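This document starts with two versions of one protein chain, written out as structure tokens and named structure 1 and structure 2.
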Structure 1
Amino acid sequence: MSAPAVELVTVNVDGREVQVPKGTGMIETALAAGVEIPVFCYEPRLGPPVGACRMCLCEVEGMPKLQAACTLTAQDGMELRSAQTSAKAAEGQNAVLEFILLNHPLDCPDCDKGGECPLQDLTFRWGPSNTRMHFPKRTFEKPIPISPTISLDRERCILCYRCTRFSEGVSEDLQLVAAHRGAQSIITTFEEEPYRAHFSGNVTELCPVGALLPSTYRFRARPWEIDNTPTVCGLCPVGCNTWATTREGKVQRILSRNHPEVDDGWLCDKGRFTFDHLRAEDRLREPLVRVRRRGFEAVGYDDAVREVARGLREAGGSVAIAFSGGETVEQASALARLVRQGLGGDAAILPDDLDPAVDAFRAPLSAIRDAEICLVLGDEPVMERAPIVDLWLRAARRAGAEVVTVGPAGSVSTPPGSAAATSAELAGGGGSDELRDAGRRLREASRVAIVWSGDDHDSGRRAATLAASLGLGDGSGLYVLPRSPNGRGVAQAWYEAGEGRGFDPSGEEELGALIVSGDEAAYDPRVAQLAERARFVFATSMFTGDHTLWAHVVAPGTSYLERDGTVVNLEGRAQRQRRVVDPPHLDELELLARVGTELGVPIAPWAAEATVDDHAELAPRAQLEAPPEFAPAASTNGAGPGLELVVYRPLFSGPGVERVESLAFQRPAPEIELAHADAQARGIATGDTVTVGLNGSGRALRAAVRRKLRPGVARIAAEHADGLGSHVEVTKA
């Protein structure tokens, strides 16, 4: 791909000549000339500039009035004078700031933004030192909790519209809006309903004043008494780059840390607010060993290590590991080596097991935005599995890309579980007219993004075959969404530690020992079943749970904020997680190193020195070995009475989120999504209570009618689907 020729223009800013590509924004042009123009509302990531705050007023040669620099672009011969050299601009800017401060409460000593507030900083640097406002300032009720996680102070708001532009033009949730007009404008939600959206927390970072603040951070810390540690979120397979703010050894908030190829500086509410799980009441704090008839007993690490080593040694090589997929590569590698090299075991449950062929089509997530056409396959909503990917897809659509979604709620409607079959049809140029047309456009386009969000065990291989058959070249990318945050890294660590594939837990024979690594694995019903066949079970987990009934030794686990190590995200990018706070006990790696000593496997008790930069780069593409052949796709089980149930795993779920009270409102309501036609046939409207079940037994859920959902299909979040089969009958209660 050859870069298009760039036309350079010469612009004069405050007497300094600078050459920039034609069309560069004036704020950036001035910066290139070494001149800072202060701004509030300007934020290129929010789309086109709006010129709302007027802070960037400048004098432009040939224009009689002062201009908002943020709305101008560089043209050849332009002469711009900022407030630093133009008295007229300085006067204008001063007046603007005086106006902005007219009703601003100046409660900086009381305000959490104080010390890191653009309004405060710019007023100090550029603003008037006093006010001529003698009238009482406007007051509002405050703070208003616009959601359990965000507080709004309307007195401090300067109406820059950054937050509403985010809601409308980035996350597209359209929930936070500016109501009324002119001086009466206020930022609000509808009817005081909570701002409930996966990305709502970003408005607290966008707000240039103390109007929108995270409720969890109110009166918690001051900028001069905190530490910000660069790390990587460990809650979904995107791996957004973050800052973790700590004060006195406690995490107080999480902020985004812009990695332009991964997250573009956005962070979902799960990544932002889940940190409170560190302080959950039911955290395990010391190792527990089961004592016959007396239940569990807290023991020291020496006893625990001895007990674990004994149990594993007695297993005689019949050892399996159940991974969570959230472990660091170092942790997973330690476990894998312990079992494969130290004990001669060869079995693991891997949450993700992607075929390495996908790496032949590796590309940064940001390439989605530049695609001409995007294809999204699979039943699992992208927003629930890897939310940032959904933002990239929206950005692509806004930039003019066609986004084809194939699935039960897609623009091309297919039955549940048919991603594999559809991909085979697309690759072979078959299928419905709609699909054939889409396939043709995918072949014609030079920049394609394919997102695969399903749970088929061989989705990686199928996705790679599809990408190969569509001829995806440079500039195109394939993104198979793993189900766990570091599923790719864990699988890689497992395979590097020895020969052989993963493990099929469906057998019947007795197992010598089972290692349950982390809470996700401990919650997995398949793992619980496996544990019944194991003579010895060793579990690590942060929290108490059912597994504390069936494990023999339980060691306290750490959160991703409490350990050092490497994680591999869905792109295949290795990133570094840093220990932000110390865990209240040994971390897993230290414990495994001690077990390793007992079993004769040398394991380093810490992650190697950072081999990954703060902004990790993506490794080059792998070579595609002979494109894998297509196995015929298993036909989906479409037949059955009633509606076919699609169960998805919501983003706001899992052991961490479930322990954070302020995120309870984000968890899916007890609701079942129904297709329009099915709802009509049953006389059901959105909001009705319906009975969902089969053969008379059923439960009451709220109905949500969706026009996009395929008739014959109902969709439900996993936590409300417990005990429901693959097909259900839905009747109005």
Structure 2
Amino acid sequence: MSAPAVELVTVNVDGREVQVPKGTGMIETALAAGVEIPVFCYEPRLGPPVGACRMCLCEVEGMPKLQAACTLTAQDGMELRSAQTSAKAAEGQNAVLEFILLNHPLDCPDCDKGGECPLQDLTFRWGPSNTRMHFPKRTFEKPIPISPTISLDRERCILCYRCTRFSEGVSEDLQLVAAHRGAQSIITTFEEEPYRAHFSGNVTELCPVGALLPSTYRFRARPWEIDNTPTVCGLCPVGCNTWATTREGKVQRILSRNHPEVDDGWLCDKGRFTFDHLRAEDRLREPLVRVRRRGFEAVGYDDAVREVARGLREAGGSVAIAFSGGETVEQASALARLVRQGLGGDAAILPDDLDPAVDAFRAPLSAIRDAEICLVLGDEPVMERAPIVDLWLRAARRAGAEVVTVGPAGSVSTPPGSAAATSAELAGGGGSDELRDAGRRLREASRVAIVWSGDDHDSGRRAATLAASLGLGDGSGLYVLPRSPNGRGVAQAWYEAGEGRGFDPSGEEELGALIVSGDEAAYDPRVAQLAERARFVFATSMFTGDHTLWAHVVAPGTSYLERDGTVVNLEGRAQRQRRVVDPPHLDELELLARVGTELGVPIAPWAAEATVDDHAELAPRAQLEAPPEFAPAASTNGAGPGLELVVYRPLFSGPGVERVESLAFQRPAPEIELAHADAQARGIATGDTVTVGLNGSGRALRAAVRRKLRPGVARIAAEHADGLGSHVEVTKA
């Protein structure tokens, strides 16, 4: 289908003629003519302009009054004069700035926004040089902690409504509101509850003054003392582009760095605030070697390297790696070469092992927003696995797309673990009436987005088969959400170091050696089983945990902010992580290079020069050599006593988040989600204390009733599910 012809119109801005597509906003039209019109409230990502601040007042030929340029669109023959050429517009603009500064405190030397404040900059450039007002300014209580991570200073607020528009129209959490009217208007949280949302920190960047600021950055640095390093977040598979702010060799804050195809300039609170884990008191800072009867003993790197080389050499080729998925491609390559080429091992636990067939349907994440219909499959909430993807889905819905969710809490209700069977039914045109109808609409649409959020076996292959059966073409995309931040890059590095996949270690035979790479590798229950069978265990970790207690040698690990390297996000886009601060010890790549020297395997101790730009482009779609075929889906027999339990991994979890005090309120509460029908049958309401378990034993949790959850199913965060089986009974305490 060919794109419709674009109608161009001619607009005159300050005497300069420019041609732009009809309907283009006048702020962008003026920029195309080389004219800057100052703004406060205007932000295209927030939706239609509201003209709240009036800073963009301009004179338009044929209109008697000054107009807010942000609310105008380009029409043929329009003549607009900004404050640079119109005395009338300049007078109006000066009056707006004078009005904004009427009660605004002149506390720039104390304000954390000072030096990077749009109000400060525009006042110097466009505003009056003195004031006519000589009376006490209005004051409020300050600062107000609207959450443990955000402070509100109402004295500085200019009521641009950027924050409330984000809360209402982008994240859709509806927690920030404007209360009262007229001169008494204030920004506050709904019912004055703490601002507890996955994306709350974005309002601190949107605020054009110092009214909303991150509490974690208060009084830590000034703009002339800091450095900003471009990097990529390493905490989820989206790979958001970020700026890391440092002062005196320490990370002080994380800001978004707009990549319009990946994150659109938004950042979740995990990516924004977790950097404080670098300063955790229990962080490992030197190698540890197990000493019989005395636990662990700190040693130098030379001794640790010799002990690791000895343990791996004596394994006799019986070596396995447990990857965390947080490694850079270079780290994973070094480990894979060490084992596959140096030691003769061929076994690895890969957190994500996507079939390359998914690359035939590769598309930027921004294509979700432009889809006509979005299909979401899987048991795990997209918000918890890849939060920015959830924002793209919300943007698609606001743009008029139909979003069909299929799962235990979806608009099409299916049993837990049935994504594979459901995709087969969609591909074959079978299933329930709802599924058949959804499949028909998917085939008829020209732009489709499929999001697979679950841990079904061979999910990549099944997702690619579904995409092929639906005939996804250009403008459509397939997005299989990995479990780990760089799972795709790690799997790719493992494959390239040897001949294919190798094998997934299993069975009960003794294992010569096990390498546990990173703190989050221990989340896979198979790793504990392997550690019990291994004669020698080598672990790299930032913090102590179960996996370090299994180990014979523990080497201190690094954060993504302390590494140089390449990561591959869920789209298949290779991006560059940069070392923001130096680690307090050798990083993993340097350590592996020294171990490789001992074992005769050459490994470069640093990542190669950047091979991707700061805003990396997505590689073209791979060629689909043959249409994939469905393997028979495993049966999803949910039969059992009580309710079937769905366990999900929450976004605000993991060893890093656990060590950031300001994020404690974001971590999942000890609660269990119940379907409305199941709660009603048991006389349970939201907030009630319930006993969860079987055979008369259980634990006390808070109940949360969800109307969208499928009857017969209960859902719980992984950190509160320890010891619970696949089925539980829930009774009111």
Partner chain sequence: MPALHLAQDRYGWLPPEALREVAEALDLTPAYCYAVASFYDMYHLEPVGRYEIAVCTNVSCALAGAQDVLAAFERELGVQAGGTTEDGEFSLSSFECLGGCGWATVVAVNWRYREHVTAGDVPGIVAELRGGEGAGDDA
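Only a predicted model underlies this, so the values are computations on that prediction, with no experimental measurement involved. If you superpose the two forms and keep the largest set of C-alpha atoms that fall within 1.5 Å, you have the rigid core. Residue numbering: sequential along structure 1, first residue numbered 1.
- In this comparison, the chain shown as structure 1 is the form predicted in complex with the partner chain.
- A movement of the C-alpha atom of Glu281 falling short of 2 angstroms is seen between the two structures when the two forms are aligned on their rigid core.
- With the core held fixed between the two structures, Asp437 has its Cα displaced by under 2 Å.
- A movement of the C-alpha atom of Phe190 reaching 2 angstroms or beyond is seen between the two structures when the two forms are aligned on their rigid core.
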